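Consider the single chain below, provided in structure tokens and representing the form predicted alone.
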Amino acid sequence: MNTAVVAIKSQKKIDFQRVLEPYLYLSPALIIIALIIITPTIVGFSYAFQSIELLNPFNGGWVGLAHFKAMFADRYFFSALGNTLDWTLISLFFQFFLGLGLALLLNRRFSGRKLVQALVFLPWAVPTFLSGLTWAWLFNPIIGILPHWMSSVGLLSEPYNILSDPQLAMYGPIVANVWFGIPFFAITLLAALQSVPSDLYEAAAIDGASPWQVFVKITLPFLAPMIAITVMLRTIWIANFADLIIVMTSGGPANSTQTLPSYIFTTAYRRLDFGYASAMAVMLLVLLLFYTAILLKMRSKLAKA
């Protein structure tokens, strides 16, 4: 009897060690994630409920939901929210469809394809600060060529910097963002295209299927999982992306290009109000989590259909 009990305890100990062993191997990565991601997130959440103004350090402390109440009365917040939607949706639309077109083109064999692939990847490799600076120069009518081209084709009445026009300024960073983000979709969708079995295309050619039928019936279903995940990731990245706007327009003129990330940056590092900036960051996080939950739910329903 004692032998059986000892054997059972020994077996439980071995099973416990087997369960614990993977976590021991993962512990360095888990500690780094906790220090770099989880801890700053918790601290940022706590800042949203505190008054932290570097120009007024003695007026701090917990303020509860005061920042969120101020946020819903802040017209600049809602203006930035609307600009964020325009910035994200327009950029995502053109990035995806132009990236998909490039992926379909690069999936075909032609002379110089490797060189074209390298050139397509180039915008993604350029630092965003340099990209924003370059596009700001291109839109400058004194040293850039774009205003003169747009005037020649009738888009502008005369060559001028659209970044100084409140009605058109947002299109400057959007164009730069589309150029910057196309390689992401082109490369990821090209990898998915190359995993499609060639036998399916050969069978479709034998059956006399048109190119559109091949795309809809074969290519698109294989791309659907990759499209869902890339669209979700890219939407989150664009919505959180403020580098190009800060470099090209700094949110101006007259806050016409101010998005939530750039408004958070301005509030935190120019007005030095980290409490209110953290509250807006928490609100942006909640909106993106809500969007992600909806997209994942739609993806699961499509997978079951």
Partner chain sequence: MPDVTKTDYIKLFAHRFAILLYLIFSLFPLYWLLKIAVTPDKLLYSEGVKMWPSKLTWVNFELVFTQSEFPTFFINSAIVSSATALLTTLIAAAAGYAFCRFKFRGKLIISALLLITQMFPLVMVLAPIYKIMAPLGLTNSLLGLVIIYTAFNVPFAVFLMQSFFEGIPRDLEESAMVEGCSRFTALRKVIIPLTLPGMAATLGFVFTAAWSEMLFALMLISDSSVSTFPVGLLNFVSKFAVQWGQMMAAGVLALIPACIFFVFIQRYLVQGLTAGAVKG
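If you superpose the two forms and keep the largest set of C-alpha atoms that fall within 1.5 Å, you have the rigid core. Numbering follows the first chain given and starts at 1. For clarity, every value in this text was computed on a predicted model and none was experimentally measured.
The discussion below concerns the form predicted in complex with its partner chain, not included here.
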Problem set entry | Of Leu102, Leu81, Ala228, Leu92, the one that lies within 4.5 Å of its partner chain in the model of the complex (heavy atoms) | Leu102
Exercise. Among Leu156, Leu163, Val120, Met71, which has at least one heavy atom within 4.5 Å of its partner chain in the model of the complex?
Worked result: Val120
Problem set entry | 4.5 angstroms heavy atom contact with its partner chain in the model of the complex for Thr41 | yes
Exercise. So in the model of the complex, does any heavy atom of Met150 sit within 4.5 Å of its partner chain?
Worked result: no
Problem set entry | Contact flag, Val126 vs its partner chain in the model of the complex, heavy atom cut 4.5 Å | yes
Exercise. If you check in the model of the complex, is Ser278 within 4.5 Å of its partner chain, heavy atoms only?
Worked result: yes
Exercise. So which residues in 136 to 170, when you check its partner chain in the model of the complex, have a heavy atom no farther than 4.5 Å from it?
Worked result: Trp137, Leu138, Asn140, Pro141, Ile142, Ile143, Gly144, Ile145, His148, Trp149
Exercise. 2 Å or more on the CA of Leu24 between the shown form and the other one, with the rigid core superposed, yes or no?
Worked result: yes
